Structures are given as C-alpha cells and as structure tokens.
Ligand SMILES: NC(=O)c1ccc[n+]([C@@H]2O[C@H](COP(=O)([O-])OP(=O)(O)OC[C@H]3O[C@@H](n4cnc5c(N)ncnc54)[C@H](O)[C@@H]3O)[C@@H](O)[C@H]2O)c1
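What follows is a single chain, given as structure tokens, in the form predicted alone.
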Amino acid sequence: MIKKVLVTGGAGFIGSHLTDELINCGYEVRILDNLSKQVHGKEQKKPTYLNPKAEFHIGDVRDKQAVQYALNGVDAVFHFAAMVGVGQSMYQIRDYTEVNNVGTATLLECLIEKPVKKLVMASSMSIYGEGLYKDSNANLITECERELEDLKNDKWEMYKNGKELQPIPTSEDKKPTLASVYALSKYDQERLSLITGKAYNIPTTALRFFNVYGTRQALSNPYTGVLAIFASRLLNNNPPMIFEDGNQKRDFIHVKDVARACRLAMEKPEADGEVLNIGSGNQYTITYIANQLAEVMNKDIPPEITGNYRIGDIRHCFANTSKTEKVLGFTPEVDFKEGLLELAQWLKGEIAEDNVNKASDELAERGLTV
C-alpha cells in the first residue's frame, strides 16, 4: 500500500498542484526541489503556495546523496524535476542533458538500491515532433517535416506531393520524431525509466504532458508554457508574440486535471509499464489562445504575429486521449474558459518580468529563428 510519496521538482508548477492533490487524497508527500533561479527567482525562496503539510527538502536531483536521503521511507516517486523549453535547450545543451538525462539516471540508480512500489515520470508531447496527419486519400502519415524553403516563403502547413495534409489527434503509438534537445532529453528520461523499471520490477508509468496551464506558472521564465509567456507580456501591456502565422494547433489541459491524472497513474496497476497522453483532446490555434487570455485579463491588446520560425518548432500536435481514458478512467473536468478565468484572477496579484524580447534575441543571435 502506498502511503508516502516523493515528488521531485515538487515546488514547481505541476509538482505543487500534484502535491495538493495527493495530500487532499490522504497521502503523505515529500518534495525534493533545487529552487532553480529561472523558475523561482534570484532569491530562490521556498514558494508561499507550497502545501504546509508537505515535507520540503532542498536539493538537486543530480546529487546522489540528496536523492538517497529524500527516498527514505518513500513508497512511490513522481519524477518531475527537469529543465523545460524547446528554444533554450538548443543552446544550453549540456545543462539540459545534465539535469534531465543525468538527473534521471541518478534517481534510477538510487531506486535500484531503494525500490519503490511505483514510479511515475513526466514525459512530454514534444517527443512526437509533428503530430499525426492524413493525406487527401485518408492515408495515415506518421513521419513528416517541413522544408526550410517552404518556411522562408511562409508556407507553414505540412505537404506531401504538393498537397496539404490534415492534422489529426496524435496517439501514443506514433513513432517519436525528436526535433529539439529538450525532446531528446524527455524521450531519454522516458525510456531510461521504463527500461530500468522493467529490469528491477519497479512498476513505472510515463505521462506525456501536452500544454498544461493554470496558476503558479513561472511568469518571468520566457521558456515556460505558452500561456504563462503570453500572460507575462499582457501584464506588462505588451502584445503576445506569436511565431509563424498563429494558426498552429495545440492541446491545452488544466493543471488540476493533470494532477488528478498523475494520481490515477500511481494508483492504477493497469498503468504499469504504459506510456500515456495527458491532454484535453481539444485543439486550439495559438492566436485563439492569445485572444482568449487577453479577453479574460481585460486587456485590449491583439497579439503580434511575427512570421518568424523557431528551429525545433512543429506545426500541429494535439492528443488522442482514448488510451488514457481506457487505462486510467480519466477525462478532463475543467472547462477551458473557466480555467482561463481562474488564471486571470490569480494574475491580478502577480508581478511578471517580461523577458520575451531578451529570449527572442538570444535565439536570433544563434541563428535559431528564420
């Protein structure tokens, strides 16, 4: 029986909401987090939103001693500690590899010595690269990418034999197409965890998160989720910056739904050894997202469509959730507009440093935007 749970990265956005979910359901929770400056600010203070019932340990997942200490008396582990963001990963290659890949390897070596009853690790939809498509004859297209010449000429969609492809929901059996260092690191985390779990009889589940939104996102981190980046811009009365033409489609799911799905993945033995999409099953254009957020924030600021392309970006990807519904019995409960209203209410009390232009300049200087 699982009683005590360790959440690595538990002081962060999703980890802190998961901590609340677990404590509300009667579990004891221990958090291991290094309070990264990029996420938690220069002062690296323990966030005030953390559940007071959680046991907090400051430490780095790459530090074997810190991990071993955090694992004492633990029955299950959620591994969320990671660096996130596609763009930044393309030039901070060593950092992403050390934190994500080596950090996971360190945790797994410790789990060999101190096995647990369940390991749930946070993977990402980024490993898919482009989502699934169909051609005009309804044939499934599982591998495709855009040509640089097309992108330079503002041909943003996916084509085959000169004909535009239709995006469809992406299922877990799609072959990964790793278009960024971040995606590579998440796939490595996923496979390391599942391989080690199988070898040492540690029931393991990998959850591929789609775009998660909600309160507590790091608003001053220009490499976090797109809604948090847009919120940072709007709070500073700047237009959200959108790459390409703004019609790229993504799947957005509320963080409270994600926390519930994570708990179910821990509790249900049917999830052992599985890879599961955690998304809403809905699809929204990025322009729609920016406009909806501005509306709930009472900001009459239309987005800025840059027409630029970032190396590593994909056109369309949204979740097929049928496997997750079957395995976990999970369907999202938070309506998108209601989730945005909750986010807007929280944003009223927040101060955000707008670092988007700085991040964009960094990408441009390295030739990572077209």
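The first residue of the shown sequence is 1; numbering continues from there. What you see is a predicted model; the values in this text were computed from it and never measured.
As for the form predicted in complex with the ligand, it is not shown, yet the points below apply to it.
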Partner proximity in the model of the complex: F78 to the ligand, non-hydrogen atom cutoff 4.5 Å: no
Close approach of L347 to the ligand in the model of the complex, 4.5 Å, heavy atom: no
L18 within 4.5 Å of the ligand in the model of the complex, heavy atoms: no
4.5 angstroms heavy atom contact with the ligand in the model of the complex for F230: no
All of F13, S36 and S124 with a heavy atom within 4.5 Å of the ligand in the model of the complex: yes
Among the candidates E342, D60, D313, E28, the residue which, in the model of the complex, approaches the ligand to within 4.5 Å (heavy atoms): D60
Answer option from T170, S180, Q217, Q88, heavy atom within 4.5 Å of the ligand in the model of the complex: Q217
Among 37 to 45, 314 to 322, 299 to 307, 329 to 337, the region lying within 4.5 Å of the ligand in the model of the complex by heavy atom distance: 37 to 45
Any residue of 190 to 222 that, in the model of the complex, places a heavy atom within 4.5 Å of the ligand: F209, F210, N211, V212, Q217
